[in-house]
Every structure is written in C-alpha cells, then in structure tokens.
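Below you'll find only one chain, the form predicted on its own, shown as structure tokens.
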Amino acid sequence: MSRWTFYTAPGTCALATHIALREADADFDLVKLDFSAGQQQSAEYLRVNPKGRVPALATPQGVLTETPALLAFVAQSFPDAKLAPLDDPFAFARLQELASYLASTAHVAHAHKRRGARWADDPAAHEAMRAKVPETMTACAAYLETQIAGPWAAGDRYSYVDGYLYTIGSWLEGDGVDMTRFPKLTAYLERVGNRPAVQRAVAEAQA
C-alpha cells in the first residue's frame, strides 16, 4: 500500500481519525496545520481540501475528508485491526449512526462556542450561541451516557467510533458540562484515553 498523508490540527475532530490510524498501525505522513496562522486557508492546503478544514487524508486514489467517511475507510482498509464489524451490515450501520450523531449534532453544538460566524454576523448572536453551549453539550453528554453498551461504545469490541467519542468527549468539560452527572461516560473516556494508540495520537497531535 502506498503511503498516505494525514492532515490534522491540534484541538480538532481530526484526532478521531488520527487515533484510528494508530489503532490500525497504518503507515502515513503527518502534516499539522496551524489554524492560528490560517494555514487551513492557504492556497497550498486548499488544493488538498477546498473546504479549508481538517481532517483530510491524501491517498493514491485521491483525497478523502469528513470524519465518519475517514473512520470507515480506515476500518475497511485495515480489516485485521478489527475497528468495525465489517461482516455485519447492521452492526456497522450502528457505528455509523453514532459517528453521524457526533458529527452532525455534538460537534455542531460545540462549534457554536467559537464558530458563531458560520451562522450569523451579529456579535450579539455569537454571544447567545456561546451562552447556549453548556446546555446543548450537556444534552449531548446525557445522550452519550446512554450509548455506552459495554466497555466500549459498541459493547465488548473496541471500534473506530470509540476514538471519535473520546475526541468529542474531551471537549465536554471545557464546554461547561458537569461531568460528575455522567459517571458512565466519564469512566468510559478514561478507558479509551488509556489505550496506547490513543495516547500516541494525542501526543503527536499536541507536539
């Protein structure tokens, strides 16, 4: 397999794919963008990903973006890593269901804290969005608390969605969520965080 190039940035949802790549023991080059310097909007990066966001994964077949798609791609590309129940369409869809919720609901709720300009131009509207984040993210945490089916999100088998839930979960306390209300989720996030591949990805993303 030809080498891949993975584009990420600290503190972003790209960590989820980074974790999956490390869990799969994939061979890839790591490129970290400095969002504070606007590198995600540079002409060079926009040729890779015209959306100007991360993650992006450059492969010999082309560039892939969007976390749920990348997670499924990594799982399917490295079946021996057993990051997804590839032989069970319903169980695989369940993983995609949770990944889609994280992308479309939890991540969007989090983004209202700092990315209000995506939805409104009025500074007062931005402040209103920020003020709402603790409530909306607490609602997300409450839902996620109910979705831990065992040691891992899908039950007894670790999967790619665990790294994604860990990534989103790492934002909750900073978003004003009282994690003492969610002991099951808190213990789960600690378990995921103790995995060597997760620790390696986190260290690489922050270095």
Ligand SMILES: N[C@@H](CCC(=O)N[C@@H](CS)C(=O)NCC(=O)O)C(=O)O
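All of these numbers come straight from a predicted model, not from anything done at the bench. Residue numbers run from 1 along the displayed sequence.
Form predicted together with the ligand: not shown, discussed below.
- With the partner omitted here, the residue from Leu185, Ala24, Cys13, Val198 that has a non-hydrogen atom within 4.5 angstroms of the ligand in the predicted complex is Cys13.
- The closest heavy atom approach of Phe35 to the ligand in the predicted complex falls within 4.5 Å.
- Among residues of the shown chain, Arg118 is one whose heavy atoms approach the ligand to within 4.5 Å in the predicted complex.
- In the predicted complex, His107 approaches the ligand with a heavy atom inside 4.5 Å.
- Contact annotation: Pro55 falls within 4.5 Å of the ligand in the predicted complex, judged by heavy atom distances.
- From the list 143-151, 64-72, 173-181, 24-32, the contact stretch for the ligand in the predicted complex under a 4.5 Å heavy atom rule is 64-72.
- Each of Gln40, Ala103 and Tyr164 is positioned with at least one heavy atom within 4.5 Å of the ligand in the predicted complex.
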